[in-house]
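As a starting point, one isolated chain is supplied in structure tokens, in the form predicted on its own.
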């Protein structure tokens, strides 16, 4: 594996964990309106995908637990803190809920809460590029949870990208629960990976708690899609290490599942792997922790000082067009 790819992936995991820990504290202190959804336990899967993509060329549609992927893809911390704290200077101008942020012109469409809907969205963006003749070397990717694979949008989107052989990677983070609904009440197939063959996608399985395995498997899936092998699906098995959101204590998760191999912390595993495999040193990781903690604090402090939208003076148009010499 490429050394810089692995280091970029790990740094994004670490930075995302520190950022989300701060967001959790702000939420509990009543400083954030709305919900906070953490990617704790899923950072390896998300960061492996984000670090495999190229900002400015590829398309990445993250979901609610993809702060690590956003960070690896190049999203600045200030975009996140401004959105959560309602700054008018944020990418959504303080108009939208905390997690529904994006920068479409940079290849990152805003997140859609209707799970599964980002699969046909990314497929459509890839089709548009094909029609414009600028699809060569481009990959589109999104992450979804196990629950999203039961939606109609997921089925229609995956079917379309398979038929069109679009260069897309769909990463399914099977964290065992769709909110509080366990796998055995969601689907009857033995493994979600079975669906890849049914749709005609390349299929890959990975232990989502193993960062180096995620880097290898997800990186290869992206390379295959980029190289013309058609769409790929990766199913990562893991367990989210928090509730569905910070409002949820996750009490429905059995203790034996939490104590199983699925409940391992990918970041803790990653620290050991980085050192043992010679990708970084203890001192280097400690320095990154201090550096990123300062970056997080600075981004929060900046966003807290910025204005929020004024509903009486805000221009609420998402866009405007000229008609008869007049903007409407």
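Positions refer to the first chain, counted from 1. This structure is a prediction, so every number in the text was calculated from the model and none was measured.
The form predicted together with another copy of the chain is left out here; the points below concern that form.
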Exercise for the section: Give a yes or no on whether each residue among 273, 284 and 291 has a heavy atom within 4.5 Å of another copy of the chain in the predicted complex. Expected result: no
Problem - Residue stretch of 210 to 218, 72 to 80, 167 to 175, 187 to 195 approaching another copy of the chain in the predicted complex, non-hydrogen atom distance within 4.5 Å - result: 187 to 195
Problem - Residue contact check: residue 159 to another copy of the chain in the predicted complex, 4.5 Å heavy atom - result: yes
Practice task
Mark residue 151 yes when one of its heavy atoms lies within 4.5 Å of a heavy atom of another copy of the chain in the predicted complex, and no otherwise.
Solution key: yes
Exercise for the section: Using the partner position in the predicted complex, report whether residue 200 sits within 4.5 Å of another copy of the chain, counting heavy atoms only. Expected result: yes
Problem - Exercise: residue 204 in contact with another copy of the chain in the predicted complex, heavy atom 4.5 Å - result: no
Problem - Answer option from 89, 223, 163, 257, heavy atom within 4.5 Å of another copy of the chain in the predicted complex - result: 163
Exercise for the section: Determine the residues of 100 to 124 with a heavy atom within 4.5 Å of another copy of the chain in the predicted complex and present them in sequence order; the list may be empty. Expected result: none
